[in-house]
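Only one chain comes next, encoded as structure tokens, the form predicted alone.
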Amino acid sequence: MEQTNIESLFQKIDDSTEMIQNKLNIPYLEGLVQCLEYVFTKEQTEEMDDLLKQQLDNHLQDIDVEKLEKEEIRKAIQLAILKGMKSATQQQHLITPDTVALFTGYMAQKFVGDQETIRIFDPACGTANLLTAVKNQLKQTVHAYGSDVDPTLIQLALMNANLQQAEVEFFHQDSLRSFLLEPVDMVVSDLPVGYYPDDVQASNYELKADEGHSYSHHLFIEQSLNYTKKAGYLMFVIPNFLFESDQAQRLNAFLHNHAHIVGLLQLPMTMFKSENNAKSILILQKKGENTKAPKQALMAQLPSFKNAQAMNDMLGKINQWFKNEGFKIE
């Protein structure tokens, strides 16, 4: 059976990454950074010798990214990143499932409607899989911004965007510190879950803990609202236990003051190993002068993305909700 463009590109990237990994004795993800940089620039890094460069030239000579679709490039890189993350020990080395990224992009287009130019931001962008998946689906001119504290992930994000010829401005920093960034129209993010170790920085937030470390996922929600325009939308992939934790009451009060809860879509349970790992998509709108809460929040348990008929039925109900709330539906 003939390989697809995605499979073929992944195979070449994977083989080349393993060459770099074995030659330089570095982790797969670091080798992947060097591989993608080489595909983009055709220039060897300081660590590469001439023999390795020649091997890469021979193996990668057939790749012409300009002839590939952006989504083909993104998905091939995603497969390589997923392979690398299976052997990585860092907890933050996770990736948003492709079906979730594509569904988030579908929903993003509904909310931005016919707005001509959109500014979107992911404050926990990782490898920029979610950010570029959403960007690729929006029909508007998109100015995209991403931030991550992890040096390997932000390098992968940069190469991911470069090879897709997607203009994205990245910040390599602690995303819970200040940005040189004007407020955006939309935030999309797969929230990092856990405790934030910097109690001094956390003290600047309303959602700080009274004692001990604060929840990073709560602080990310507050920070995201700080960098969203009034009436802008935010879509977060959240753990299902977000509103059941010991600090949930404070989070609820904060959201009531600053945002409208537009929707909560539970992702299919079949995607997760256990109920404790289950996630949902939380949709917020930042309060503004003319904003109001929806007549009825969009609440749903999504069926398996593999069940085409059930998913089509669900999309029909979601589209009806948008019509009922006065959104323009194409």
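Keep in mind the model is a prediction, meaning the values are calculated, not measured. Quick note: we count residues from 1 along the sequence shown, nothing fancier.
Keep in mind the form predicted together with a small molecule is missing from the figure; the text below concerns it.
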Heavy atom within 4.5 Å of the small molecule in the model of the complex, from candidates 235, 134, 221, 124, belongs to 124
Residue within 4.5 Å of the small molecule in the model of the complex by heavy atom, from 226, 173, 109, 165, is 173
inquiry  = Can you confirm whether 129, 149 and 196, the three residues that make up this candidate site, all sit within 4.5 Å of the small molecule in the model of the complex, judged by heavy atoms?
reply    = yes
Here the chain appears without its partner; judged in the model of the complex, the stretch of 246-254, 205-213, 135-143, 173-181 with heavy atoms within 4.5 Å of the small molecule is 173-181
I'd like to know if residue 105 sits close to the small molecule in the model of the complex, meaning any non-hydrogen atom pair within 4.5 angstroms. no
query = According to a 4.5 angstroms non-hydrogen atom cut-off, is residue 259 in contact with the small molecule in the model of the complex?
reply = no
May I ask you to state whether residue 161 is within 4.5 Å of the small molecule in the model of the complex, using heavy atom distances?
no
How about residue 153 - does it come within 4.5 Å of the small molecule in the model of the complex, if we only consider non-hydrogen atoms? yes
